[in-house]
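In the block that follows, a single chain appears as structure tokens, in the form predicted on its own.
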Amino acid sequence: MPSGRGKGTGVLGIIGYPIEHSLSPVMHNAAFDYLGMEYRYLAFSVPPEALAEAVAGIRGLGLVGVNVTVPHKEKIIPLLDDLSLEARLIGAVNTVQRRENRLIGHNTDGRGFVASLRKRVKRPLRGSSVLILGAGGAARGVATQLLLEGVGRLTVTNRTPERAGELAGCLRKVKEDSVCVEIRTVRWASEGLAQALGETDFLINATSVGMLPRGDETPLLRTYLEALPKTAVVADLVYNPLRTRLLRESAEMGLEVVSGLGMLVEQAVLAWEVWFGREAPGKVMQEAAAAHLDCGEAGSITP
């Protein structure tokens, strides 16, 4: 195990708004303690109008790096010095690395989601039909990676149709490097959505609907879920609560479900590779995060 930095404590963190729900500090600090590393990870509440000042603070305070969450994943890009190929392709950043005084943006969302899914679901992604709810930064990361994984059809729906169209347009630029045969959009809460759900192998909620403190909300009413094939997998990127209403109702219908906790851990493990060039103790991170979630009614929900 490393003995630490020797001089002072290295500081990392996560910037977002709101940020009180984040389990990232719990995970990363548990990993630092386990390995005896002299680092601390903090949550920084940064409203949109303060983003530029916060990014300047990364340089001024000498932070090792930060994670980036809603609503800053796309808006932070012009404030950085460079982007990894992955972040440039996705058009969103969830991890920032300070290299001397340069800030480099990365994205570990997509690979984190796919790694989590592969550990928990036997059904192959290649050639499958995927429907994504949402068109923000998380949706971009996941959708781009799914194209690279070779899904056969990718459908995007969003409450604001224009946002769904923008995302679909970006994804079509990635399509040239994938085997995806179709990228399309459907209107939210429409007959077209119900029809698309009937052809879906993987339904992915990439919105924040259902996240605490509004854990009783769901992005899709049960009447829409009933259109899914019985073999479909329902995945939620929301991890707090672990058992979202979407997953609870899907499980009651006999569908296979996957919570957002696995993605949270996997993308954090990948962020460690960016910051430290070493493997993170993923099991320690997951146990620390799970301990802070209300798992009492988790039932068959796969973490």
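Throughout, rigid core stands for the largest set of C-alpha atoms superposing within 1.5 Å between the two forms. Nothing here was measured: the structure is a model prediction, and the numbers come from that model. Counting begins at 1, following the sequence as shown.
There is another form of this protein, the form predicted in complex with a small molecule, and it is not shown here; the text below is about that form.
Participant: Does any part of Y224 reach within 4.5 Å of the small molecule in the predicted bound form? Heavy atoms only, please.
Facilitator: Y224 lies outside the contact set for the small molecule.
Participant: In the predicted bound form, does I76 have a heavy atom within 4.5 Å of the small molecule?
Facilitator: No, no contact at 4.5 Å.
Participant: Consider V209 of the chain shown here, and say whether it contacts the small molecule in the predicted bound form, taking contact as heavy atoms within 4.5 Å.
Facilitator: Yes, V209 is a contact residue.
Participant: With a 4.5 Å heavy atom cut-off, would you call G136 a contact of the small molecule in the predicted bound form?
Facilitator: Taking the distances in the predicted bound form, the answer for G136 is yes, it comes within 4.5 Å of the small molecule.
Participant: Can you pick the stretch from 111-119, 94-102, 77-85, 136-144 whose heavy atoms fall within 4.5 Å of the small molecule in the predicted bound form?
Facilitator: The contacting stretch is 136-144.
Participant: Using a rigid core alignment, state whether the CA of P71 is displaced by 2 Å or more between the shown form and the other one.
Facilitator: Passes the 2 Å threshold, so yes.
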